[in-house]
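To begin, one chain is listed below as structure tokens, in the form predicted on its own.
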């Protein structure tokens, strides 16, 4: 005797599979809307395979009747963009960064493309918009160690920078003298401190204490700190004591900006220089 003969719901249209007396599997057909969607999806897949590349083969793939590919569409779009850019790029190749800056239309173009270049190469250290990160210079002001003209900025990007200040702790200055100099720098009165002249600080930082772009020496009068720390006075003392990039002192500051001449093209560096200049260049 089959299980269907024990079906307590023979007129219901179930499959005859009954569990726990009344739990059963019905044999109702799927709704018409669902079946229509199912067949439409089959038609869509067939159509897609005919029109577009779809099925991988041993060494190739089905091409589709249109010959369309994602990379082909990308290349076509790129070619369109390059065609729009070409007149600007040709002009950039012939002009200096200063001349680009003087051309309003070209300068606006360079500013737009320079944002991407800066984000890819500079923002990790100098922050978005040149606002700076801890231990790295702010570019969005008018304070420049090596000068803020467009040509000086381009030179900095091209060749990199690595300033040097000898350590002054030990034989050069006593602890008390370092304290005096650090306090004078911290309160903006360094040029009034006799040690500034007698210990030769003015030789690098200038008689007015405002630094020299040729040496990359810091302006000691403006309250803008290359090494900004919560305890600024202690930070100044550290710099005086251990110097900057002084190989003889393991505690020396070690700032270095890498060269970009081997990474970026000359035209790209021009764009970047113009973009950075607009943060706060001058002089």
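None of the values given here were measured: they were computed from a predicted structure. Positions refer to the first chain, counted from 1.
The next section is about a form of this same protein that is not shown, the form predicted together with a small molecule.
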{"item": "4.5 angstroms heavy atom contact with the small molecule in the model of the complex for residue 111", "value": "no"}
{"item": "The small molecule contact in the model of the complex: residue 137, any heavy atom under 4.5 Å", "value": "yes"}
{"item": "Residue contact check: residue 115 to the small molecule in the model of the complex, 4.5 Å heavy atom", "value": "no"}
{"item": "4.5 Å heavy atom contact, residue 256 to the small molecule in the model of the complex", "value": "yes"}
{"item": "Among 165-173, 98-106, 83-91, 69-77, the region lying within 4.5 Å of the small molecule in the model of the complex by heavy atom distance", "value": "165-173"}
